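Form predicted alone, single chain, as structure tokens, below.
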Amino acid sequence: MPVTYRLAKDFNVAANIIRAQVAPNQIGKLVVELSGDIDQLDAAIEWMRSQEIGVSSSSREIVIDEESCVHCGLCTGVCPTEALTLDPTTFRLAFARSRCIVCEQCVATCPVEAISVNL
């Protein structure tokens, strides 16, 4: 089923795909950022649930342990929103929490496990 197409066409909701693990005729996982009118968003979420699509909103946040971080910058390469960047003058990691969508790609990338998710 073309879920993102239906969200756009039927509900005027934009779906920005952050991460996808899907295969034909199998159960998959899709992390999306939805934007649009709040009433349309609610209707779109209700429609997805009626189609037996599991929906959960993110109330988690990324936490960076400053003591453990070695400022290698590996996490900046996988961050789709550029919430993680290296300061060009100090070469220290900078985290713009307001840009973070908690896709968790940085967690798996960190070689010293300085990045975690706070539930």
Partner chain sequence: MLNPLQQTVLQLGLYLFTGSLESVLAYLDLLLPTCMRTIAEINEKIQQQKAVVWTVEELKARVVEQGIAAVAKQVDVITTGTFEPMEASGAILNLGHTDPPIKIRRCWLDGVPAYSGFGAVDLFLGAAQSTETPEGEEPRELGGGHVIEALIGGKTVHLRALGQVTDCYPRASFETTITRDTINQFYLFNPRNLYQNFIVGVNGGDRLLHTYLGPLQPRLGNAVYSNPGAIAPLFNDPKLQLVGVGTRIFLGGGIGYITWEGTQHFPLQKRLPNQTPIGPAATLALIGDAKQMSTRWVRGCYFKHYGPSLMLGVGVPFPVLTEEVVAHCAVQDQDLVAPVVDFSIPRRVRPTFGLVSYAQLKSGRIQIEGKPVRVAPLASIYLSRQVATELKAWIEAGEFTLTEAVAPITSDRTFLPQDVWGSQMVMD
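Owing to the predicted nature of the structure, the values given are computational and were not obtained by experimental measurement. Numbering follows the first chain given and starts at 1.
Just so you know, the form predicted in complex with the partner chain exists too; it's not on screen, but the next bit is about it.
- Message: Within 4.5 Å of the partner chain in the predicted complex - does that hold for a heavy atom of every one of 4, 18 and 50?
- Response: No, because 4, 18 and 50 lack any heavy atom that approaches the partner chain to within 4.5 Å in the predicted complex.
- Of 63, 72, 30, 43, which one comes within 4.5 Å of the partner chain in the predicted complex, counting heavy atoms only? Contact with the partner chain in the predicted complex is made by 72 alone.
- Message: Taking the partner chain as it sits in the predicted complex, is residue 77 in contact with it (heavy atom to heavy atom, 4.5 Å or less)?
- Response: Heavy-atom contact with the partner chain at 4.5 Å: present for residue 77.
- Exercise: residue 35 in contact with the partner chain in the predicted complex, heavy atom 4.5 Å: No - in the predicted complex, heavy atoms of residue 35 and the partner chain never come within 4.5 Å of each other.
- Do residue 23 and the partner chain share at least one heavy atom pair within 4.5 Å in the predicted complex? No, residue 23 stays farther than 4.5 Å from the partner chain in the predicted complex.
- Though only this chain appears here, would residue 109 touch the partner chain in the predicted complex if you measure heavy atom gaps against 4.5 Å? Yes, residue 109 is a contact residue.
- Query: Can you name the residues of 77 to 104 that have a non-hydrogen atom within 4.5 angstroms of the partner chain in the predicted complex?
  - Reply: If the 4.5 Å heavy-atom criterion is applied to the partner chain in the predicted complex, 77 to 104 yields 77, 78, 79, 82, 84, 85, 86, 89, 90, 91, 92.
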